[in-house]
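Below you'll find only one chain, the form predicted on its own, shown as structure tokens.
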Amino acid sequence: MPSPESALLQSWHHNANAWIDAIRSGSIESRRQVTDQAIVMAVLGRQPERVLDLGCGEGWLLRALAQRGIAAVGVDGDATLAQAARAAGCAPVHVASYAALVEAHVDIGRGYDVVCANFSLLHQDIIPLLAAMHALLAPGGALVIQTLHPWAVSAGDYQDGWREETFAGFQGQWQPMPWYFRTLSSWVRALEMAGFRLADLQEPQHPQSTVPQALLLVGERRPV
């Protein structure tokens, strides 16, 4: 039986085209109304010149940043998503697994003012990856993470562990995706262990909703 990490990667390969359609059609309401703007504003708030989008998918954030004059570089582990980003005018976009990034097997540049991870940290052992991103940041740089809000999606089980996304309600043919749930304290601890200082914490929320749509963390690079 494949490990959850292997099943997670396989689900992205299977779901890539359905994901591209979902993003480009604007069919995910929370992204359209709240979270897309939240990550853009968080990145812009750092006034960066160069940004790395970790797990860039089909490249919507790369395009949004480029329209604002920011040099944005993407990296994703799925070739279909990376090619879709390139075809839409995003460049450069690298194809590399997170394991390859941890081992520095792929040169994706360095000296970034911001590394952002928008709903792209779904595996269990994220600390080595975050530490690798720390090494790619310029002095004073920051890591901006937007992820599922642990309180909103805990479903009464507030402890770290693997969960499953079934994509119920999404149009198209989707393969269920395992993803790793972590508590708020677990997120903060991971940042600290990877060499970051928590500089900001936001809970993007629609004004007509009583539930936060996401958790947004900004970690500043501490000197090595």
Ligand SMILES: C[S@@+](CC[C@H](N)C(=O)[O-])C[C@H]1O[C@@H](n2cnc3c(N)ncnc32)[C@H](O)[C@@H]1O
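What you are looking at is a predicted structure, and each value in this text was computed from that prediction instead of being measured. All residue numbers refer to positions in the sequence shown, first residue = 1.
The discussion below concerns the form predicted in complex with the ligand, not included here.
Against the ligand in the model of the complex, the set L148, A152 and Q202 makes no contact: no member has a heavy atom within 4.5 Å. In summary, the region of this chain contacting the ligand in the model of the complex, judged by heavy atoms within 4.5 Å and restricted to 182 to 190, 41 to 49, 54 to 62, 158 to 166, corresponds to 54 to 62.
In the model of the complex, the ligand lies farther than 4.5 Å from every heavy atom of Y112.
When the ligand is considered in the model of the complex, A18 lies well away from it, no heavy atom lying within 4.5 Å. When the ligand is considered in the model of the complex, Q124 lies well away from it, no heavy atom lying within 4.5 Å. Although the partner is absent here, A214 is not a contact residue: none of its heavy atoms lies within 4.5 angstroms of the ligand in the model of the complex. This chain appears without its partner; in the model of the complex, the one residue of V144, V73, L81, M133 with a heavy atom within 4.5 Å of the ligand is L81. A96 is the sole member of A96, A138, V102, I108 with a non-hydrogen atom within 4.5 Å of the ligand in the model of the complex.
Along 115 to 141, residues N118, F119, S120, L122 each place a heavy atom within 4.5 Å of the ligand in the model of the complex.
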